[in-house]
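Given as structure tokens, the chain that follows is alone and in the form predicted alone.
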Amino acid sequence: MTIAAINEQLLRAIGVGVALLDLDSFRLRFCNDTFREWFGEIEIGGELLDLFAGFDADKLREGLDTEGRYTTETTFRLRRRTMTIAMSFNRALDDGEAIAVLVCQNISRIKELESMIDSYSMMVERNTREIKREKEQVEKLLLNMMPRSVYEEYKTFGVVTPRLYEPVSVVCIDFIGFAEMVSAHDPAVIVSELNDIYTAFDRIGEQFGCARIRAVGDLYIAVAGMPDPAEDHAQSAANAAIRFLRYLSQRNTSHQIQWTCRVGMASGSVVGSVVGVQKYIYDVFGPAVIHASRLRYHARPMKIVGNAALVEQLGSQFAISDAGTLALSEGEEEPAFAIEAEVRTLQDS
């Protein structure tokens, strides 16, 4: 077997197509079997560029003249399969005559892998964006249910250590005649109304450092002074409660459904923790919550009633008056106080 035959078998075994071309005319001088298998039977002396529609002959000549080489790719159909061939033209000499050596390699599998990788990368990127969006939605939902510091603890450790917060001030609100309103109006209307009111309450509370803890039906509970301690927690809670009432009063002047609430407030201690395992929620409970809840029943419509511990910490900006006593348990009573501020419009507040 000759050296040429051995070289031909080696080139065929590794899947490389080889051709020799005249540099001036690009006519074929030689091609191996692999080349013929890919591009069909082509006669020696035929122009190679006739095989490739749209091939840029000018760029090929420029590359060979300036750098002595030119590389490109071509894609075609071979027996119902799409093939991609990498073509490398190299300038050479044959007995002093300029020729071009064309080496062709089948990169179809590489292109398929690149396409698969690109497709997988796009899928991963899309899934990453979706996961990030869902994570942000979950985080937003949890931050609506609990303070950020509590959320960070829950995210890190999976549990929340119950903590005693003292002193804090609790605002407890409910709406008078709520059951009758639900019966008299479409449920969607009631839900829409509550959504507007509680959204406004949340914004007002945020202005004064009084965060909503719970909103269940007509019951709205907010706390000032937790999770971060605040010396003016009583003033914050009272200012928020007064502006809750002002908001409702002004809203009632322009809405068909009239909302009337009563407010109970108390200062004292509470315990805060996440309650539940699957359907969990952050909640607070303790003396201040109990007192505020009971005091709201002691309040007249659109009025605020607070306990003595809260009143002791309020400044002169609030008008305080006696509201009788509140029965805490059998034989035990606590004084209650009506809390008001100077009458101002909502715009002034």
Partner chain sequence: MEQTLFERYGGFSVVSRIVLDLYERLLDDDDVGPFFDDIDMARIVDHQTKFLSSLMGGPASYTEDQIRKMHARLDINDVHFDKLEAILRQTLSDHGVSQQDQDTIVGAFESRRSLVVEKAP
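Positions refer to the first chain, counted from 1. Only a predicted model underlies this, so the values are computations on that prediction, with no experimental measurement involved.
Absent from the display: the form predicted together with its partner chain. The rest refers to it.
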Within 4.5 Å, heavy atoms only: does Glu112 come near its partner chain in the predicted complex?
yes
With heavy atoms only and a cut-off of 4.5 Å, decide whether Tyr120 touches its partner chain in the predicted complex.
yes
In the predicted complex, does Ala98 have a heavy atom within 4.5 Å of its partner chain?
no
If we define contact as a non-hydrogen atom of the residue within 4.5 angstroms of the partner, is Met116 a contact of its partner chain in the predicted complex?
yes
Among the candidate stretches 202 to 210, 242 to 250, 226 to 234, 81 to 89, which one is within 4.5 Å of its partner chain in the predicted complex when only heavy atoms are counted?
81 to 89
Quick one: from Gln137, Asn144, Asn195, Asn127, grab the residue that has a heavy atom within 4.5 Å of its partner chain in the predicted complex.
Asn127
